[in-house]
Structure formats: structure tokens, C-alpha cells
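Just the one chain here, the form predicted alone, laid out as C-alpha cells.
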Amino acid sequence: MTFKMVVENPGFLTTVQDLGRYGYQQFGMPVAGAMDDYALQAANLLVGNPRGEAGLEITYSGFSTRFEGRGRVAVTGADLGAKLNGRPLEPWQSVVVEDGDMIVFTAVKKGCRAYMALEGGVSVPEVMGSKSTYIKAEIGGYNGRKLVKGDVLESGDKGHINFEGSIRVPDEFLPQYSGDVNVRLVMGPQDDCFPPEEIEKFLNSKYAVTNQCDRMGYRLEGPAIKHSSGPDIISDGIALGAIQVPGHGRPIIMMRDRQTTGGYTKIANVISVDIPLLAQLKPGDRVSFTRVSVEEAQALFREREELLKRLEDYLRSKDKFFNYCVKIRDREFRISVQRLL
């Protein structure tokens, strides 16, 4: 069984994204994929999908969709004021939608990118092993483009989820989005192209995200970083989170739709687990940096994988629980009762 969603309003930018297209950077093809990959994985787990299934990446507010048929959907990531049939729908939870139900994203409250997963996934063809949309090359996703009014997306075959009602990700698994973040990075690969005092300036400054920020990269405004002997290098590969410093000295953080090679010096690389925090920054938000070692970055990545596995185990056990919401003196309390027999 499948169900459909009809796009009533595409909003600012809504695309189909999974965890990305790997194995083709040598041919100049970017990885693409969800900017906030943690939120996408959590959304998929909430509807019983594999973590890497494709969902919708909804940037800013305005997106609205109507459902045809019955199925489970989940919204995670930024709080964009989602409402189901006019009633608030909290992020990081799944709900069952019925034929004719509407979900509308009304306002940007915290972060800027939300993710919607459909039970059974999004039924679009894979291109080079991925369903992710790469708009510049017009490949992947829904006809290689952002969604427009009237598009109809169908879910894949639904699995068997033995629970009803809403299910929410527990607080311990929720990321802390903010408009003023400190992210961790590993220095290199060309940090030797900067004098030590310039590196210290970079690490002890706070930068603002400019209007020139998109899925390709974030240009930052703040103290300029001077090179020892010029900004140019022989072009080499660019990793997710690489921080280029062109001749004007203002850093650029490379994101999911980045080019695969570049000829500017790279002073450092934001670690993988902190990319989702960057993905939720808007123009005017601020970012600062803390240096960590490669070994620390690897340990943090392992910790996040263990966190996602614990979340998966928790959600798979939900068919053994009955969930209730109790209101006492205008305060809501969520309780779960486990079925033992």
C-alpha cells in the first residue's frame, strides 16, 4: 500500500534528499544530500524507514501539502511552524495522516531546514545510486528540480508499524539548534599557508553568515585572515565542511552541493557531526570555531552513530508501548505504558 502527497505550495525551496551520491566526485559530481543529515535520519526512523531513505528538505516557511490516502509521516529538524489541519504539529514527531489532511509550514521559529519523511520513503528513481536532488545538474529527486505547485509524490510500499497516534523523539536525542553556534574543526590541509597569529585570530573570532549562503556554501563576514604568501594553490579535493580562505580573507564554508575541487587555501574543516548545526544557520546568524584533533573528531562521529542506533532501538520498541498526553494545571506531560503480556 502507498499514499500520495500533493504539493499545494512549494515554499522557498523544497527538494527530495537522501544521504547523498557517493563515488562520483572524481567525475566532478557533488555528493549533495540532506544538509542536516541527523534530522533526516531521525525522521526516517520515526516512520519505520531505513535511516538513509529519501525525504523532503524544506527550507524556510511556506511549504504546504495535501495527502491522498492514509500513512505515517514525520517532521524533524527546524521548527518552521508546521500545522496539521490547522493545529500545531511539533517537530521531531510522527503522525498518521488521513485522506485530505493538510500540513502547512507557517513561520520560521528556530533553524531554517525541516525534514519530512513518508512511511515507505519517497518513490522517485535513483540516479547514480541516490535519490538526492542536485539542482544545478538537474538530476535526482523529483525530475531533477525543486518542487513546484501541483507536483504529486508517492510513497514507497509501506512497512508494518504496529502503533497508532503520534510518536516523538525523546529530548535526549534532540540537537540544540541556535543562531549563535560554536562548531568544532580540524586544522588543515593548508593551515601552514597562514601565520600563527592569523590562525589564532580565526579561532578567536566570531563570524556572521552573509546573504550569500545556500546548499553550496556559506560566505562569512568577520575579521579577514591574511595569508603568508597568497591564497592560491594547485586545485585539490574539497571535503564537506572545508573552510576556504580566498584573497579577501573572509572564510567560506563548503556545504553539500559544493564543487568537488578548488584552488583556494583551506585553513580547516568542520567535523561531520557539527555540520547539522551549520545547516540550520540563516543570514545574520553567528558562528565561532573550536579546534579538535582528528582522533577527537572520529570519536565524536562514533558517539553520534551510537546515539542514532539507540534511537532506532527505542523507536522499534514503541509497538510495545501505549502513549498518552496528560494535562495538569495547563502543563502537558507525556507518559508511556509498556505492554508486558
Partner chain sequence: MCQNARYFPAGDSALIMELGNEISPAINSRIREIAYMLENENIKGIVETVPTYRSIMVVYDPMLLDYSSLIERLKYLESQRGKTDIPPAMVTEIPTVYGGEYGPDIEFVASHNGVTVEDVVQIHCSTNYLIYMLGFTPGFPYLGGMSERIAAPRLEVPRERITAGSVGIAGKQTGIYPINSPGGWRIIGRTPLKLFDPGRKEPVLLKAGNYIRFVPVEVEEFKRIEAEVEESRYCARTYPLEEGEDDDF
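The model shown is predicted, which means the values in this text are computed figures rather than measured ones. Residue numbers count along the first chain shown, from 1.
The same protein has a further form, the form predicted together with its partner chain, not shown here; the description that follows concerns it.
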Contact check for 189, 233 and 238 against its partner chain in the model of the complex, heavy atom at 4.5 Å: yes
The unique member of 89, 96, 128, 102 whose heavy atoms fall within 4.5 Å of its partner chain in the model of the complex: 128
Of 271, 225, 209, 252, the one that lies within 4.5 Å of its partner chain in the model of the complex (heavy atoms): 271
One stretch from 77-85, 238-246, 146-154, 114-122 that, in the model of the complex, holds residues within 4.5 Å of its partner chain by heavy atom: 238-246
Touches its partner chain in the model of the complex: residue 316 (any heavy atom, 4.5 Å): no
Any non-hydrogen atom of residue 205 within 4.5 angstroms of its partner chain in the model of the complex: no
Residue 297: touches its partner chain in the model of the complex, heavy atom cutoff 4.5 angstroms: yes
Proximity of residue 139 to its partner chain in the model of the complex, heavy atoms at 4.5 Å: yes
